[in-house]
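So this first bit is one chain, no partners, the form predicted on its own, shown in structure tokens.
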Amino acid sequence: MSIELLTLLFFGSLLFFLLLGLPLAFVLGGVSVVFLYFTWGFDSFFMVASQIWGTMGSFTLVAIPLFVFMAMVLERTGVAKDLYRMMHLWFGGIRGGLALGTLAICAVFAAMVGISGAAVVAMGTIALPSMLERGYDRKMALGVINTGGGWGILIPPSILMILYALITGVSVGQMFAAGIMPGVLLMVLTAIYVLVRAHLQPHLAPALPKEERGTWGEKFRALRAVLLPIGVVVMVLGSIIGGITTPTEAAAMGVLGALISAAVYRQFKWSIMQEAAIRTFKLTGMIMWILFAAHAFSAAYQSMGAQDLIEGLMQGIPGGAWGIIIAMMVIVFFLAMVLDPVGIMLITLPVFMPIVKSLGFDPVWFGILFVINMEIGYMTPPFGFNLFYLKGVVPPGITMKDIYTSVIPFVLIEIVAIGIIMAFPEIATWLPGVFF
């Protein structure tokens, strides 16, 4: 059977079973195992088992349950409420100030938890009603929460970056370092957009009345709210950058910081720890099955010899090497509308990464472009996770249409950021070069 027909059957089978609603990990792993058997025979399973055994022995994997547990604990500590009160007092006096404060809190959460949903749920519960009560345009408020929540997978620590590193073989520490400046770039671009819109259209994001802005004494007392979050960030990122710990060991530091935060906020309770542990077990178990599926997919794909076919197709794309990178970004952009980020990584990275390396591009730089595209996937319809997280906590009057249309300008901002990082790769590669 020709490689073209095998490729068509392989990806067609994946699409068919995914449309039936079956879990991605089992579809990807199951279809890959079937194709392995019929192309290489029973002995090919030993190759998959060998690869999985090597991965399971990776010390890096320990970071995943630790970061997940850290996120689950921090969600319940009350940190978000105090942070919002502080931002309310300090930023509320300017047009768009509450939106800027919400973005800042999302950035802080991103630097603490490493996943997307935590900030979306927290700000959708606390910040959204506050902004709507004070006359903010609902699309502005929804879009700010949606885009800020997605930064959790770009600003380190990031679980998606750990998975990217495991699949591609790049350094987790380099990926973490590479995500800092692009994260800052996105924060600046989004803040500029909010301030410009608020200046040109004051009714979209009005300033708070003077009686709500608080006294200087209240403002300075409210600054205590940032001490614990900054402490957690320093424990995680500071220990990595300072060379005290590896990224995996820093995850354990983050868990310690989360437990200290829970104790300070009097939330160090058996029920909360038990719930966080159970959710961590569930999510970690799913990730392990996904890694199994990734190895089976990679082995099946390579065994069919499809790599040469894909490389040949890519070489036919106009624009040379940059045309190929742009085509990859477009493919990932559209996949992100219908698949979850981990699934996209499993399907595309075994195909894209050899080509990226052969063209001479830095895989860490490409990883940052990839992760930003995954951010866009979290916030774009029809299946963006952040959209559904937000729908679960918004007031009854807000429809799914409101949530869908609110993301349009913020998606454009993310695309502009991708373009800037493509034009100036040093934004993503300079810090890894300094620290590693």
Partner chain sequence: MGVLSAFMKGITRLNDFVGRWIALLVFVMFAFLLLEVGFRYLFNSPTVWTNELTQLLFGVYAVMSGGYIMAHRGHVNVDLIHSHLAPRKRAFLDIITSVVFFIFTLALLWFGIDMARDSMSSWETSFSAWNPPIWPVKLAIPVGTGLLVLQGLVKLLEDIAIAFNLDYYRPSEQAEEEEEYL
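Each form is matched to the other, and the largest set of C-alpha atoms that superpose within 1.5 Å is called the rigid core. Fair warning: this is a prediction, and the values are worked out from it, not measured in the lab. Positions refer to the first chain, counted from 1.
Another form exists, predicted in complex with the partner chain; not displayed. Remarks below refer to it.
Here is the short version: of 361, 292, 333, 91, the single residue with a heavy atom within 4.5 Å of the partner chain in the model of the complex is 292. With the partner omitted from this view, the residue of 201, 125, 315, 284 that lies near the partner chain in the model of the complex is 284 [heavy atom within 4.5 Å].
Each of 249, 288 and 400 comes within 4.5 Å of the partner chain in the model of the complex, counting any heavy atom. Just one listed stretch, out of 222-230, 99-107, 237-245, 77-85, contacts the partner chain in the model of the complex at the 4.5 Å heavy atom level, and that stretch is 237-245. When the partner chain is considered in the model of the complex, residue 421 lies well away from it, no heavy atom lying within 4.5 Å. Among heavy atoms of residue 25, some come within 4.5 Å of the partner chain in the model of the complex. Although the partner is absent here, residue 274 sits close enough that one of its heavy atoms falls within 4.5 Å of the partner chain in the model of the complex. In the model of the complex, the partner chain lies farther than 4.5 Å from every heavy atom of residue 427. Contacts of stretch 251-277 with the partner chain in the model of the complex, defined by any heavy atom lying within 4.5 Å, are made by 252, 253, 255, 256, 259, 270, 273, 274, 277, listed in sequence order.
Residue 183 shows a C-alpha shift below 2 Å between the shown form and the other one [criterion: core-superposed Cα displacement of 2 Å]. Taking 2 Å as the criterion, residue 246 counts as shifted between the shown form and the other one: its C-alpha moves by at least this amount when the rigid core is aligned. If you fit the rigid core between the shown form and the other one, you'll see the Cα of residue 258 move by 2 angstroms or more. Relative to this form, the distance between the C-alpha atoms of residue 280 and residue 389 is reduced by at least 3 angstroms in the model of the complex. Panel note: the distance between the CA atoms of residue 277 and residue 127 is smaller in the model of the complex than in this form, the difference being 3 Å or more.
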